[in-house]
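Quick setup: one chain, the form predicted alone, written in structure tokens, and binding and motion questions come after.
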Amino acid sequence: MHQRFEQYMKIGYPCINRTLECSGNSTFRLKSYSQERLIKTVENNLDGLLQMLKFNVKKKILFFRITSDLVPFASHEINDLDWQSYFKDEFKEIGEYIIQNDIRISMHPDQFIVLNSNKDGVYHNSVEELRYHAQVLNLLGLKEDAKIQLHVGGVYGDKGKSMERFAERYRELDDEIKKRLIIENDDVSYTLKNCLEINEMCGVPVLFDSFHHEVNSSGESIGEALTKVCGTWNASDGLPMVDYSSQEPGEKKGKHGESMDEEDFKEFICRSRPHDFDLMLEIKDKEKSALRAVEILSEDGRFEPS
């Protein structure tokens, strides 16, 4: 086990709680933008985020992915509100709650954020969107173990050059973004092996997505994959992050499950030993599967909720 971290595994789910009557990801159409509407939406989103975090703490779910829609149009030129200053007290309150309860936080920009794009406009917009994500985590007062998770991007007819372009652009990022950025293997273009090669080029940590690896594998076993990705994380990055899901029966290959396949989950947990990591469940029923995972892991020595 990776004793240098001296931390226990945390279980989480992304962005939305289906039990609570609140939301942290409300947004609106660009043509409906007004500063008043933006303020009201962000107030509701921040309140919803705090309610979800409080629910999670009570249920021993101590890993959460914050939605990218927390502040709609944050990086868009239409946004004329200094939202960082306007909501600084609300962010501070939420951040203090996160820190006091030892909650791990991540964010995952949408697929249109493509750092290795061969179009300058897409690239520059992607950097601005990554800057917004870093600002959210900074306003919460979180250390660099709060991460921004990103796919490598497109292939553009030459995977090798596209990987090199990603590495070069990663090195050029502001430190406030770079210290938080991690990449994951995807289910179409970039395997775990590709991501590890990019890590060798520029040092970006690699998140292991077990389901993507199942769909688009470079041949490593679960144990081998975790050994390799754990080596890409430094102590200041915190425990490595891992995404887990399983195939939805009867659907096309790569379709995330609607609910937890308990036998598959237990097998994954068994194969993952003895590695330490924080585990994000990308399963459609969100907190329901996270609650079941907490039960299943209650006797695993790596998992000991506070």
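Residue indices: 1-based, along the sequence shown. Note that the structure is a prediction, hence the values are computed from the model and not measured.
One more form of this protein should be noted, the form predicted together with the DNA, which is absent from this view; the next part is about it.
Asks: Only one of 81-89, 113-121, 140-148, 228-236 has heavy atoms within 4.5 Å of the DNA in the model of the complex; I'd like to know which.
Replies: This holds for exactly one stretch, 113-121.
Asks: My question is simply whether Pro109 lines the interface with the DNA in the model of the complex - judged by any non-hydrogen atom within 4.5 Å.
Replies: Although the DNA is absent here, Pro109 would touch it in the model of the complex, with heavy atoms inside 4.5 Å.
Asks: How about Arg37: is it within 4.5 Å of the DNA in the model of the complex, going by heavy atoms?
Replies: Judged by the heavy-atom cut-off of 4.5 Å, Arg37 is in contact with the DNA in the model of the complex.
Asks: Would you please decide whether Lys60 lies within 4.5 angstroms of the DNA in the model of the complex, comparing each non-hydrogen atom pair?
Replies: No, Lys60 stays farther than 4.5 Å from the DNA in the model of the complex.
Asks: Considering non-hydrogen atoms and a 4.5 Å limit, does the DNA approach Leu30 in the model of the complex?
Replies: It does: once the DNA is placed as it appears in the model of the complex, Leu30 has a heavy atom within 4.5 Å of it.
Asks: Which of Ile99, Val127, Val155, Cys202 has a heavy atom within 4.5 Å of the DNA in the model of the complex?
Replies: Checked against the cut-off, the match is Val155.
Asks: Answer with one of Ser26, Gln247, Gln51, Ser259: the residue that has a non-hydrogen atom within 4.5 Å of the DNA in the model of the complex.
Replies: Here the answer is residue option Ser26.
Asks: Could you list the residues in 254-269 that come within 4.5 Å of the DNA in the model of the complex, counting only heavy atoms and keeping sequence order?
Replies: Contacting residues: Gly254, Lys255, His256.
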